[in-house]
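Presented as structure tokens, the chain that follows is alone, the form predicted on its own.
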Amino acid sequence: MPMILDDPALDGISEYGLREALLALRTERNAVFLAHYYQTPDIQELADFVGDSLALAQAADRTGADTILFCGVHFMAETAKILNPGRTVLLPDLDAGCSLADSAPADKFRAFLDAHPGHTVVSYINCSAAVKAMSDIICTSSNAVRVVNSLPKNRPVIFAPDKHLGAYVQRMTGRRLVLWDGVCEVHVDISADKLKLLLGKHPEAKLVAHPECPEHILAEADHVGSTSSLLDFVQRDPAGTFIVATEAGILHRMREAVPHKVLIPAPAHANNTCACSECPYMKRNTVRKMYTALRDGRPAIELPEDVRRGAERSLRRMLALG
């Protein structure tokens, strides 16, 4: 049976009608909606919980719902399934992937580990379930420094797959890490030249940046942190203008939190038509696809049990750190 992601039968339904039908279906299916900060505003407004990768993993671990509708990208929905093998986990669009996760294919990662025996393997949550299963402990951008600091100092460490986050962790911990050569296409697409011009135009602005950005961007930042950390900083800091160097979806929550402040997305290179940093995979999810996924019970995330168990082991080690 073909997978229906955007049902033409819904064309005559108003946005309000579709929203109400989706909420009714949520009750009927005993479902919970989880959404990342990078989702579109209409999806964030429908979600039961919106957060960054760490908070979403914790929310998925706590849920008692029969069905988890995960509005994010594939590795995030996989994480929910790893922690909830007995529940149905749906991803509105199965093609909502991740350039960073794709940069570490399981077979090549296995070969990399074989070439570096005796290392503790720390993998960023932005990786596949198969890579998680080969790792000793998982981290997020929120807790990467804490995870690495929790490891014995005489133990060599591999950090994968984001080399920019890994380099940031190296600088923060003073530890030498063996880095996998992966990047997030959204964060490396931020234009340093355009950013410099923007900072010159707004000298009063503070730059906040995600640690997936290259070092030359982070070196200019007033604050570096995960999406939740950036959101917290713009609320706490007295500055009135901020340039935000991460995926532009976070601006929705920021503007809700600080409507009186000026928030400017960091500029992307010229090939990005929106002139800001947007993840095309995150934006594949829509409210229509949420409805058809919940109605039809697919696309559902399925994992081989041996992979799921291995990945759960490394995830639980992270969650045990708090």
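We number the residues from 1 along the sequence you see. Nothing here was measured: the structure is a model prediction, and the numbers come from that model.
Just so it is clear, the following notes concern the form predicted together with ligand 13P, a form of the same protein that is not shown.
(Q) Quick check for you: of 231-239, 209-217, 103-111, 195-203, which stretch puts a non-hydrogen atom within 4.5 Å of ligand 13P in the predicted bound form? (A) That would be 209-217.
Q: Tell me whether Ser53, Asn126 and Thr227, taken together, all sit within 4.5 Å of ligand 13P in the predicted bound form, counting heavy atoms only.
A: Per the other structure, all of Ser53, Asn126 and Thr227 touch ligand 13P.
Q. Is there a heavy atom of Leu91 no more than 4.5 Å from a heavy atom of ligand 13P in the predicted bound form?
A. No, Leu91 sits far enough from ligand 13P in the predicted bound form that none of its heavy atoms falls within 4.5 Å.
Q.
At 4.5 Å between heavy atoms, is Met76 in contact with ligand 13P in the predicted bound form?
A. Close contact exists here: in the predicted bound form, Met76 approaches ligand 13P to within 4.5 Å, heavy atoms only.
Q.
Given that ligand 13P is not shown alongside this chain, does Tyr38 nevertheless sit within 4.5 Å of it in the predicted bound form, heavy atom to heavy atom?
A. Heavy-atom contact with ligand 13P at 4.5 Å: present for Tyr38.
Q) Is Lys81 close to ligand 13P in the predicted bound form, meaning a heavy atom pair under 4.5 Å apart or at it? A) Taking the distances in the predicted bound form, the answer for Lys81 is no, it never comes within 4.5 Å of ligand 13P.
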